[in-house]
Every structure is written in C-alpha cells, then in structure tokens.
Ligand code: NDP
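To begin, one chain is listed below as structure tokens, in the form predicted on its own.
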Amino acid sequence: MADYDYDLFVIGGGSGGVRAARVAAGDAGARVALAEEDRYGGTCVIRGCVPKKLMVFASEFAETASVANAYGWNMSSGSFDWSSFRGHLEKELDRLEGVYRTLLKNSGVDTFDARARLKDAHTVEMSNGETRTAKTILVATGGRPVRPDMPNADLGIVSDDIFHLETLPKSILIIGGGYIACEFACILHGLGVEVTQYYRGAQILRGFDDEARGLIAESMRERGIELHTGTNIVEMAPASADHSMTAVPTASDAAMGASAQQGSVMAGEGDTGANRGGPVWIKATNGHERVFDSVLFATGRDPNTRDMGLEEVGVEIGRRGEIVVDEFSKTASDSIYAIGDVTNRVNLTPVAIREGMAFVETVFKNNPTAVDHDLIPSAVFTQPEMGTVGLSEEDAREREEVEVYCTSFRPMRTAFAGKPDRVLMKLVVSKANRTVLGCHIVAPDAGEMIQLAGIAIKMGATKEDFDRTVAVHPTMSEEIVTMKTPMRTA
C-alpha cells in the first residue's frame, strides 16, 4: 500500500469541508489536513448566511417605532449608523472564524492557510510551495458570485462586497430576481437606501411557488422598493456631468415616501465608497437612463473550480463548472470526492454539512451513505420572509391532481398598527393519497415555522394529520391546521 502523508486532504474551509475534516479526524481517527486560501467558515459564515441574517435583523428595526406608537409607546425613529454596525459585524465574524479554527485544531486536523490545487489524484500542491499526499481528497471549495459579461461590469459590486462597504450608498440598483437579490433589496431598503431592482423575468424568485412569490413582490413594492420585472441593464458607465439630470431622487426628495420611515443613512456626500468608482450611469431595456450611487449584480453564482487541476486528473466538470459526482459524492476519479456548492446540487449550508457527514460515513466508517436531497426546507429572508418545503403548486399539478388549501390575511400584530402587511399560508395536497406535497409560508419568521412543518412533511404527513393537530391560538401559524376546505383543485 502506498504511504501517504494523510488519509484525507480537504480543500476548502467552509461549513461542509470543516465538518467533514473534523469528524473524519475526531470520530474516525483519520489523519486529516485542510487547506483554505481565504477565511475559515466559507461563504456561509464570512460572506453569506450569517452576516446577511445579522443585516436582516438590523433592517427590521426601521419599522419598530411606527408599530410601537400604535401600541401606546411614545417612540421616534432614529438613524442607522452603518459604521457602528459594521464594526460589531466584523468582530462577530472574527469570533466565528476563530471557532472554526479551534474546532479543527481540537480535532487534530492540520491546517494550511494557502490555496490548494491537484497535482495528481493523490497529491495536492499549495500556494505556499508545499506539497502533500493523501489517500482521499475532498474538494469543498464552494461557489462565487459572478458578474455579467458586459462592458464596465467591474463598476458594479457583488454580494461578497456588501459586507465591506465603507459607507452605505444613498441609492442602489440591484440586478437580479433570485433570493440573494430580493433579500438585499429588502435589507438595504430597511437600512434607508433607495432601492431599485431590475429583473429580466416576468416575476421574481423563479422556481418558488407562484402565489408566494407574487405576495413577496407586492409587499416589496408596498414598502417602497422600485421593482421592475421584464427589465434588464444594457449599458453602464461612470456617471458624468452629462448624466446629472437623470440621477435618481435623493433621500430628501423621497422624504414623504416609504423610505422616510426608515431613518437617515449616515453616509457622506459624493463618493459613498459603495462601488468601485463613484456613481454609475445605466441604461435599461425599458429605455430608462438613471444614475445610481451603486449597482449590485446578484445574477448568480458559479462553482469554484477554476485552475484547480481537476480535469487533468480525470474529474468530470459540468456545463456551469460544477464537479460531477455520484450519489455518494464521488467523482470520476476513485480517490477524489466533492461536496457542497462546488457540486451545484442543492446549494445550502445545511446540505453541504449533511454531504460532509455522509462522505465520512461512506469513506471512513464503511457505511455507504447517500445524501437525501428530497424535501429540504428552506427560507428566503425577504420582508416578509418565505419558508418553503416540498413542491410548488405549479410543479405538483404537473405530476398529479392536487388540492390547494390557502389563506391570506393581515396578521394581528401589524393590523392593529394599521399596516397593510399580509401573510400567506398554503398547503398543496395529493388528491389521491392525501399526502402534503408542499407547504409555503409568507410571513414574519416564516423560516422558523417551516422548519417544524418540514418535519411533518418529511415524515409523509397527510392533510388529515394536519387537521387532527389542535391549533395554537392566537398565532399566524394556526392557519396551517385550520384550513378545512380547498381553495381549488388543479
């Protein structure tokens, strides 16, 4: 048997790679090393889920005063201090990265702060000049945001850049209609930025339930986000004096609008530092010419597989640059596996962690384990949030005849304050066997609710199982178990 430096070498220090490394070392007793070229924690901890959710929390305080006043509290809106928040955010991310490093160290994993690529099927060469061999190599390098292929695209920023802004822009154009685009549209609007969003499709959040995404689009517009569907950017350039007459309104001009309730943004005049070269002029497919302080491209993510030597060692790469793997996360090379976003299967942090655990079971515990990618609950942290698990109504009715149970109403908390906010509770049910095929919730804290609904649906609960459950009153979620009559059959 060949003598290797390690039993396992992991490339990538994100959630999936770290979990696989420390469990293989700590539980299975394997000799493990891990290389990470950037920060430990990866997309989720450093430039994704965690900082984004903290920004969601920050943005939701904007409406606190107006709601509190309706409940008898004498409160006034304050201003948002981005620099103070960002300082706290950076400290928290530093703390979390330290936790990841400590977990690896305590598990006995050797770590290398370097970029790694494959030299052959068992050898990794790193940017620090070192080379290591391993019986098995696991690629967990995640994904990266992409810019469109157009002139001056470098004037815009991507989602990774949001967390490093020196100051917030007064106005921003967000290009895209996926969950990242919509989440940041709501976040930045809540922090006082004037937000315009362009999406080339007919409706935002493609792939989600039509009724749910329609309510979110309506809610975003009601809050003051200028959302244009069927619209894309065709030209962009640094703004000049000739473009001054087409600039978007300033915060003071919109003081009577929805953004007036958000408080002022503590940003200086002129260059906000929110983009790479000051204000940006854009021309859209609808003929509009505008100037924005910043442009955010939220137009997709690609797997991180460039210049890693993968194809040279027999690893198959897919059309979008993803690593092609089987149900056990093994590539076309017997010694190389891949998990997480780099495989472009289900790009969610908990899924990458599950894939990492299944990899360890398969390779180091002699227990071949395939990851179950079916019925995965997820959430979109817009305002209001969307929680979803299972099939959309549209997908379900293509498979079989279904009954749709649905209700939309004004929740008690904000209805009392005179707010127009609406929520949605929806179940898609098989007419043949009564199994709940999908659950879709649009409401504050929908992510918290869908986690629990996901357990029942994963277990194969029927509509009658939901009906037998006594409601918790008064709550929004009680509607999930009190809808007795289908709205429609499809």
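Predicted, not measured: the structure shown is a model, and the values here were computed from it. In case it trips you up, residue 1 is the first one in the sequence shown, and so on.
Quick note: we don't show the form predicted together with the named molecule, though the next part is all about it.
Using a 4.5 Å cut-off to the named molecule in the predicted complex, not one of 142, 351 and 373 places a heavy atom inside that distance. Of the candidates 105, 200, 164, 88, 200 is the one whose heavy atoms come within 4.5 Å of the named molecule in the predicted complex; the others do not. 347 is the sole member of 347, 111, 196, 77 with a non-hydrogen atom lying within 4.5 angstroms of the named molecule in the predicted complex.
Using a 4.5 Å cutoff between non-hydrogen atoms, residue 148 counts as a contact of the named molecule in the predicted complex. Not displayed here, the named molecule is approached by residue 176 to within 4.5 Å at the level of heavy atoms in the predicted complex. Although the partner is absent here, residue 206 is a contact residue: one of its heavy atoms lies within 4.5 angstroms of the named molecule in the predicted complex. In the predicted complex, the named molecule sits within 4.5 Å of a heavy atom belonging to residue 52. Look at 297-305, 279-287, 113-121, 389-397: in the predicted complex, residues with non-hydrogen atoms within 4.5 angstroms of the named molecule sit in 297-305. Residues from 180-199 that approach the named molecule in the predicted complex with a non-hydrogen atom closer than or equal to 4.5 Å are 180, 181, 183, 199, in the order they occur in the chain.
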